[in-house]
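In the form predicted alone, a lone chain appears below as structure tokens.
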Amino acid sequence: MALLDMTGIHKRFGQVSALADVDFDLEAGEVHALVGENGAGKSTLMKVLAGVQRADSGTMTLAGSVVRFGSVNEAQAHGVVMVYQELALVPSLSVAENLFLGKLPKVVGYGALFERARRLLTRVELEVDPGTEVARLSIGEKQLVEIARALAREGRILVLDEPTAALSATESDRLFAIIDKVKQGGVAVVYISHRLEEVFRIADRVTVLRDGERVGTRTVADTSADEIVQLMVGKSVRHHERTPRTTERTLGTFEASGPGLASMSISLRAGEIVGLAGVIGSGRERILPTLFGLGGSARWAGESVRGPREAIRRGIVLVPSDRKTQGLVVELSVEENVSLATLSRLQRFGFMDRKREREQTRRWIDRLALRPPDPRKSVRELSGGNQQKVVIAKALATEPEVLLLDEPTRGVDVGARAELYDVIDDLSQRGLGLVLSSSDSEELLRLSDRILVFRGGRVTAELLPPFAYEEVVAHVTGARQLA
């Protein structure tokens, strides 16, 4: 008998059908991957399981008993714990307080609390002080804190929604080892991911959703990545291949330093894509915000960059790694978000030129294939991948000369990722200079003209094409320094 059996699950939001007659089952001690394009219904199905949302119809059986969770606490009481793609930490509290949030006594003994926290952090091999304020952590460090908090609840079912989206290869390997230990202990894991290499590495079975419907469940050993992709999108997806190019015109040189960063310089030519590689804590995740004037010290073409406003004025714009808190105002519409960085240009005599605003938004909706193509749609109602497209559209609307891309395809599905790769390549052909920071080594290899490797807050290697995946990983993990 299956540990979990969800049958005929339906869920609508207004006139939109998010789930239609979806079946999903889960065995104890297995990793069952749930895949599909953005908006396919993966997160909605798991939110029904986790008590965040109620299904309109359908049944759910857990360990032989029919259940219908009305809240997250009720689901957790039955052993269902979910780690969401959009992190749910309290930035102003410490790591330790976040780990045990909701279970803290009225009088907190911080010595004992920190010791319990250290043991949990050791399980995910995260070396941070339990007293550190969460707001000071990188996005990848926050993700590991979320996973540690889920492990503390010792549930029967652990749902992980895009857990490696902000993790480097090394941190991902660490997570996979943790999942294997959890699985060996009899816990069932639902693994939502857009990265099929991860699915084929750790999953026993994989279920594919498309447009709110289940289109297939396969045993991983009996399927292929090509078959899964075709189930996801209903067609074959063309792999992005960047045409190598060299350019002579130098746009300028960045000079930067700051907390966790040694003094460094990064030159950039017109049409060039410079990739930044490195594990969390290497300094890679700090460099782009620094270049954009968000902390530390930065200079571009010999002049200081004193803040984001000045950076944008000089043709430099950042696509941040955390779209929810740094890139979007989710309560506003697509059109309003795209216009935020260009308000002065869209005004005439102090009033917004609504026609120009609509034309600008429509141009980027079409170029980035935003779904649904509705400029008045609330950003909150979009899938994660389409939210990311809005962030990129807002950046490109400033007509920059230099584009700083921080994890640009985090949480983006296979089809949308290929579209974004085409956009990035097209921007380089138009003469923009791009600096791309990514935890996905394959992404760096596909897009970069050269790759800078960060370790210990400094650039330790510059790699030139033709790139070898193994060579990039060896430098990123420090294997080259040990050789």
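Quick note: we count residues from 1 along the sequence shown, nothing fancier. As the structure is a prediction and not an experimental result, all values here were calculated from the model.
FYI, the form predicted in complex with a small molecule isn't displayed, but the following is about it.
- Interface membership of residue 440, defined by any non-hydrogen atom within 4.5 Å of the small molecule in the predicted bound form, is ruled out.
- Taking the partner from elsewhere, residue 85 is found to have a heavy atom lying within 4.5 Å of the small molecule in the predicted bound form.
- Heavy atoms of residue 360 never reach within 4.5 Å of the small molecule in the predicted bound form, leaving it off the interface.
- Taking the partner from elsewhere, residue 469 is found to have every heavy atom lying beyond 4.5 Å of the small molecule in the predicted bound form.
- Put simply, of 31, 436, 451, 40 only one has a heavy atom within 4.5 Å of the small molecule in the predicted bound form, and it is 40.
- Contact with the small molecule in the predicted bound form, judged by any heavy atom within 4.5 Å, is made by just one of 180, 381, 226, 74: 381.
- Annotation: in the predicted bound form, residues 293, 339 and 391 none come within 4.5 Å of the small molecule through any heavy atom.
- Looking at 454-462, 23-31, 441-449, 40-48, the stretch with residues near the small molecule in the predicted bound form, meaning non-hydrogen atoms within 4.5 angstroms, turns out to be 40-48.
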